[in-house]
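Quick heads-up: it's one chain on its own, the form predicted on its own, in structure tokens.
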Amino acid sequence: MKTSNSYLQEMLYSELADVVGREDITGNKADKAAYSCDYYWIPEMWLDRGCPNPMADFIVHPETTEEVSRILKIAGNYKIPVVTWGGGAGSQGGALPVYGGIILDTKKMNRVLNIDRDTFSVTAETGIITQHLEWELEGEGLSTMHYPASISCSTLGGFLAHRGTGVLSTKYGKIEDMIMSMEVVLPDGKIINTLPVPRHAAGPDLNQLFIGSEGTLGVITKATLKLHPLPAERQFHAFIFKDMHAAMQAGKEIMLSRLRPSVIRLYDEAETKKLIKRVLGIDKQGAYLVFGFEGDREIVEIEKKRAIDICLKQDSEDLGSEMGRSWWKHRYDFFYPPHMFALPQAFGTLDTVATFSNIENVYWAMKRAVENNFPEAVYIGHFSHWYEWGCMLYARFIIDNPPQDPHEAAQLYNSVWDAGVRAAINAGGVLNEHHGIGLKLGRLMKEQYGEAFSIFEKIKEAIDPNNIMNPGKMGFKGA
């Protein structure tokens, strides 16, 4: 249903207000404009060039799961889109109301419901800002250990929606590794709960069906996560290597030796020269690598010494613990003013992940695709999340002077993404590692999955036959 008919809009407003109260629904232009733009570069550029973004018809602020259920039943009856909104910090356009409809802002669903010290778990509503959750847990000597750069402006539900990753993922995993169980409201309004434990043989894991679905299959309203005690000791150490390959060999050996660093972060020569110098004040040629270990002091000391020995074998310069601690202290500075890229620049994070056999090939293939086809672009990258089998590449392109015409700018931007991502896929990488797909990359999902994408389409059709949940995202059809 199109809601341009003013009488039908009044009916819809009345029904939604009956659910949440008039204080928790708005349709005024200023509020709708605020929800028409997230951290995706194209809608930011669009507004900067004086072009209006698509807007929702109404923004609602439910306070309970039952209210979410009733809202989805209303939307299903009218067959209008529902887009779930967390903190609005996504970079992929996943929360943009491109087909109008209802923005369902979850931030009033922000309570910590239970901290279970016997199990070391926490149950919370998914509208909670993740930093607020951490502050409450730290008061109990506990933590999720999920420390992403957007921790202060993103919700728990947002990280679940796109399989988010935190700084300490090398030891503690991504958000999907932390989840024990969830409550989900389906598109028809049914409220379901997954099993109370994440490890079982009672069929497929429903948690993993909804994690990463970006609001296309329902609304995650509550989640129970594993917790960890705050570590007694947290130590860091930094090195400069002659080049990225030497540093990669060291990082790979640390992981293949089955040491358990909480973090490894490796910056290529270009990013070391550009950002490490600016943020940390380290003016060195080569590739900067930092690692950290945490836990009991004795174990930390042993593992750190072994990692240092591995790095010294690669003819590196030992920068010591102080330069490692400096990185930890300033770890978020890279992503905020004055160090983060911003308009009028065009920029994007081409994050991907691959095995150790392929990750360097992915880096160079992507670099060639961007720089050879778009000489106006600068390509930099770092490797920020490491696994037993490979690591993640956080590559970025920056164009200082993109076209002023919004259509030309959007076409250039999308062309850089097409070239970079296709190069990564062809070299053994994937579409994305932790920012998600959203609107930005949906067109490439079928290229990534081939015939297997039809399975996603059948799941979507079965769970959401009216196609009201975030249509047009993740490669699914529009409204």
Partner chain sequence: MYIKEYTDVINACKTCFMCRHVCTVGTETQHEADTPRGKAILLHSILNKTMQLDEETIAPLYRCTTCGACKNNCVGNYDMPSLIQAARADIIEQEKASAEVVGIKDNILDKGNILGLKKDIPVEMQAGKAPLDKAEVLYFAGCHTTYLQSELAEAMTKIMKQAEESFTILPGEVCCGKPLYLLGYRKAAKDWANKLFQQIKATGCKKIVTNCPSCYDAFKRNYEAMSVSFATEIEVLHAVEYISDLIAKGKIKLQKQLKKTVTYHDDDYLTRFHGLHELPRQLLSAIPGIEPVEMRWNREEAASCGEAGGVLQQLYPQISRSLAARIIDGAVATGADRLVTVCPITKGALSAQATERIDVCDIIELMVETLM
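Because the structure is a prediction, the values reported are computed rather than measured. Residue numbers count along the first chain shown, from 1.
Another form, the form predicted together with the partner chain, is not on view; read the next lines as being about it.
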- Does the partner chain get within 4.5 angstroms of any non-hydrogen atom of H61 in the predicted bound form? yes
- Query: Closest heavy atom of Y39 to the partner chain in the predicted bound form, within 4.5 Å or not?
  - Reply: yes
- Is A30 one of the residues lying within 4.5 Å of the partner chain in the predicted bound form, judged by heavy atom distances? yes
- Using 4.5 Å between non-hydrogen atoms, is D105 touching the partner chain in the predicted bound form? yes
- Query: If contact means any heavy atom within 4.5 Å, which of 199 to 207, 242 to 250, 163 to 171, 333 to 341 contacts the partner chain in the predicted bound form?
  - Reply: 333 to 341
- Note on the structure: As a check of understanding, the residue in A365, L280, A377, I129 with any heavy atom within 4.5 Å of the partner chain in the predicted bound form should be identified as I129
- Message: Only one of A232, I191, I299, A89 gets a heavy atom within 4.5 Å of the partner chain in the predicted bound form. Which one?
- Response: A89
- Query: For this chain shown on its own, do G320, E322 and A354 all sit within 4.5 Å of the partner chain in the predicted bound form, going by heavy atoms?
  - Reply: no
- Which residues within 135 to 152 place at least one heavy atom within 4.5 Å of the partner chain in the predicted bound form? W135, E138, A149, S152
